[in-house]
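Only one chain is included here, represented as structure tokens and corresponding to the form predicted on its own.
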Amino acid sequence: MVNESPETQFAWASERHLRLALGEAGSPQTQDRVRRATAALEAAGLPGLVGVTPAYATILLEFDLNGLNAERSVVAVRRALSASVEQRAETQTRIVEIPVCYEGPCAPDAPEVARMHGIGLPTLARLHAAPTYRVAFIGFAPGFGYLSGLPPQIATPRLPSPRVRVPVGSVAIAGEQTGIYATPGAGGWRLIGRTPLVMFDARRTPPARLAAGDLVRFMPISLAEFEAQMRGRAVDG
């Protein structure tokens, strides 16, 4: 293992995967370092680098095995990280407002979540929509943003068994995280709301509505408003 600084550690996770640990998980400072380091690594044009996968406190780099030299790759990555240290948040952080319906069929797990915490459904919706969240990273599925900032009083464990299919746009919580299912698929997070917005569209540039570092605000809407926006989406094609 090679240390780049007291906060950053390098370790080869496999013959082609280099794992960087940039600090303490859950720390806003670490998340900022991960974002800046990811941007620097993606822009550096490192020889043989084919994938950059950030998480809360780590980045996994994937290299092409053909011609890979582990020592030279570490040196190149360290240079790129040095450049990221010099970067500062000169661009304004983007704030994304997302309408969410916390009612009825949009929130199948909300009654159970509210019961678990001894609160009513309106309180659950109010607590969930109160913070300004930050997108820590995109992962699990295309466009799925892991959002930090969930109030601890509604932190809730995952479902014992995941659903086979989660409706697109479902807003969910798991542990101390919240997120939005941007594409169809299975999932074990608790569904407490749903947005009518299209969160991922491969025809768009960029295809995902959210990006790491964005700030997110949930804007509660009624079931009637949700249905009206969904009908509008259908008309617009």
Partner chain sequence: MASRTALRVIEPGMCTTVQDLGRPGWASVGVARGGAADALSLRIGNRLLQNEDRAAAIEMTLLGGAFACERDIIAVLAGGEIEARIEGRGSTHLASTWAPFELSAGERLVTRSIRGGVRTILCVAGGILVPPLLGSRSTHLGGQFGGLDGRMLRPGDAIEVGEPRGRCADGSAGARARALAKPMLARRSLRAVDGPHRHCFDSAAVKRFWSTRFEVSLQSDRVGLRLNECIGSANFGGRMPSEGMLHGAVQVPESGRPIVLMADHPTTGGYPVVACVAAVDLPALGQVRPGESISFETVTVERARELYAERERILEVELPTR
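Residue numbers count along the first chain shown, from 1. Just so you know, these numbers come straight off a predicted model, no measurement behind them.
Quick note: we don't show the form predicted together with the partner chain, though the next part is all about it.
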| item | value |
| --- | --- |
| Answer range among 93-101, 123-131, 138-146, 109-117 for contact with the partner chain, defined in the model of the complex as heavy atoms within 4.5 Å | 138-146 |
| The partner chain contact in the model of the complex: residue 29, any heavy atom under 4.5 Å | no |
| Distance check, residue 176 to the partner chain in the model of the complex, heavy atom within 4.5 Å | no |
| Partner contact for residue 184 in the model of the complex: the partner chain, 4.5 angstroms, heavy atom | yes |
| Proximity of residue 13 to the partner chain in the model of the complex, heavy atoms at 4.5 Å | yes |
| Complete contact of 197, 217 and 225 with the partner chain in the model of the complex (any heavy atom, 4.5 Å) | no |
| Any residue of 189-212 that, in the model of the complex, places a heavy atom within 4.5 Å of the partner chain | 200, 202, 203, 207, 208 |
